[in-house]
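Next comes just one chain, in structure tokens: the form predicted on its own.
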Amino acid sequence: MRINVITLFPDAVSDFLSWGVVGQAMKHKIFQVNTVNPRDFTEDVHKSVDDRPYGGGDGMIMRAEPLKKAVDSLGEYAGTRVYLSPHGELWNDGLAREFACQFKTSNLTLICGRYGGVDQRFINSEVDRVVSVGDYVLSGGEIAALAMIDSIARFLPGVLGNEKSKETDSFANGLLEAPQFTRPPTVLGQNVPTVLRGGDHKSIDAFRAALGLAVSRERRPDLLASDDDRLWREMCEILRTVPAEELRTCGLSAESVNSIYSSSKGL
């Protein structure tokens, strides 16, 4: 798998990708990242890649010609060309999995805009797909591209030290992951929930599933496809076996804990 990044700041992309599990994966040639700078395809002495927008407005617009030449320089290695923009489909765990599967045997080119955006004519003729990493504006597409690369890489075989991690992390089952703890058992006056220290893995798995649902209902209710009262009642039964203080240690609000103990119909 080869990922190309069209960017005005290739060093920023390369430096970030040299860290952590992604850096190790690239070192072991599980996939590779190639950067291309549109400035290398300009013809004026200033290496200009932007110009004023027609109709006026704030900021400058990236010109179509240098971007097209940058993409054309990749030839057959360009693969699917993706422009990072707030106008695109929202990036999520499902898309990360889709891209990881699709591009195991093909190439991907991520195009990073800057300034006030990119000439729409380039997008019309040269872009296969538009993706957004969130409902906010960044100063450029590099951060979005790095987020995509990092999340895609996690689903490639051999990238993670424990392959099970990608199936237990947040969003793997559509919900947030349960909070985690490590040694010592008491820190800052707070105790690790007893069930996590008991060694009964069936009980631990049930508790984590119930806690993940509770955290998701409190913090990201938009992740819940429907209000499944039956499932929530079952989760409450599990959580009510844990002392309220320990549930609060898990990051649940007092309101959520009270709801678990007083009602079986949710938060």
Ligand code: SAH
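Just count from 1 along the sequence shown to find any residue number. This structure is a prediction, so every number in the text was calculated from the model and none was measured.
Below: the form predicted together with this ligand, not depicted.
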Original post:
Though this ligand is not shown, can you say which of 186, 139, 105, 124 has a heavy atom within 4.5 Å of it in the model of the complex?
Top reply: 139
Original post:
Of 158, 134, 174, 179, which one comes within 4.5 Å of this ligand in the model of the complex, counting heavy atoms only?
Top reply: 134
**OP:** Would you check, heavy atoms only and a 4.5 Å threshold, whether residue 83 touches this ligand in the model of the complex?
**Re:** yes
Original post:
Is the gap between residue 117 and this ligand in the model of the complex 4.5 Å or less for some heavy atom pair?
Top reply: yes
Original post:
Do residue 112 and this ligand come within 4.5 Å of each other in the model of the complex, heavy atoms counted?
Top reply: yes
Original post:
Going by a heavy atom distance of 4.5 Å, is residue 87 a contact of this ligand in the model of the complex?
Top reply: yes
Original post:
Can you pick the stretch from 92-100, 191-199, 140-148, 69-77 whose heavy atoms fall within 4.5 Å of this ligand in the model of the complex?
Top reply: 140-148
